[in-house]
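Next up: just one chain, as structure tokens, the form predicted alone.
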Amino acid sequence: MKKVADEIYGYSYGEPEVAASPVTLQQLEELKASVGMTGEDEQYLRLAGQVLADQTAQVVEHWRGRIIGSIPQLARHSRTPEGNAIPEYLAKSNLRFRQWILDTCNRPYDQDWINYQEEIARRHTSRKKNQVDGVRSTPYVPLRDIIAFIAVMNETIKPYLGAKGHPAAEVDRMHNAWCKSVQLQAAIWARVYMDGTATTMEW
């Protein structure tokens, strides 16, 4: 499986320490049906993975540097409580963010994929935020901000999908498949936020 770097700090996809999710493969299939994801979408996600493979740094810089960095309630989650930058945290988490793009496109949507979706979500809640990188920042990222930012990611990814000269119809299909996948992931992330009293107020 293609990776954005030989070593990605804190990236533990498929590792034993990633907790098993109670979300079943049957439930995943039902969610895929709910978002309208088809076998053709999965093929276009693979194509999107090829197109985005050498653009992940630019995409993440677009999202985090140009957009998140300009929105105070989003930017604070990568800074200290006093508002100071944490460059090493950004560097490490940016690599994981870049890898998430490739995993979205290239990984089989199996139990390991479900498990890691929940791990991603836990790292945004008070259960695990800051723990992987050992930093002092906000205690959690509100679910509302994550869901709202999906619209930005989905809108801004399309020019990158079109950057390699594919016909407009193929770009549209790649984009539709990407949007369905991110919506599917958000549905799984939401379960973690609703699971247990420690996170029920982190909307």
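In case it trips you up, residue 1 is the first one in the sequence shown, and so on. It should be emphasised that the depicted structure is a prediction, and the values quoted were computed from it without experimental measurement.
Just so you know, the form predicted in complex with another copy of the chain exists too; it's not on screen, but the next bit is about it.
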inquiry  = Considering non-hydrogen atoms and a 4.5 Å limit, which listed residue (Lys164, Lys158, His62, Arg46) is close to another copy of the chain in the predicted complex?
reply    = Lys158
query = Among the candidate residues Ile114, Leu74, Ile120, Leu95, which is the single one with a non-hydrogen atom no more than 4.5 Å from another copy of the chain in the predicted complex?
reply = Leu74
message = Contact check in the predicted complex: Ser12, Asp54 and Thr104 versus another copy of the chain, with a cutoff of 4.5 Å between any heavy atoms. Do all three pass?
response = no
message = Would you classify Val135 as touching another copy of the chain in the predicted complex, given a 4.5 Å non-hydrogen atom cut-off?
response = no
ask   = Can any non-hydrogen atom of Thr125 be found within 4.5 angstroms of another copy of the chain in the predicted complex?
value = yes
ask   = Wondering, does Met194 line up within 4.5 Å of another copy of the chain in the predicted complex on heavy atoms?
value = yes
key: Ala148, heavy atom within 4.5 angstroms of another copy of the chain in the predicted complex   = yes
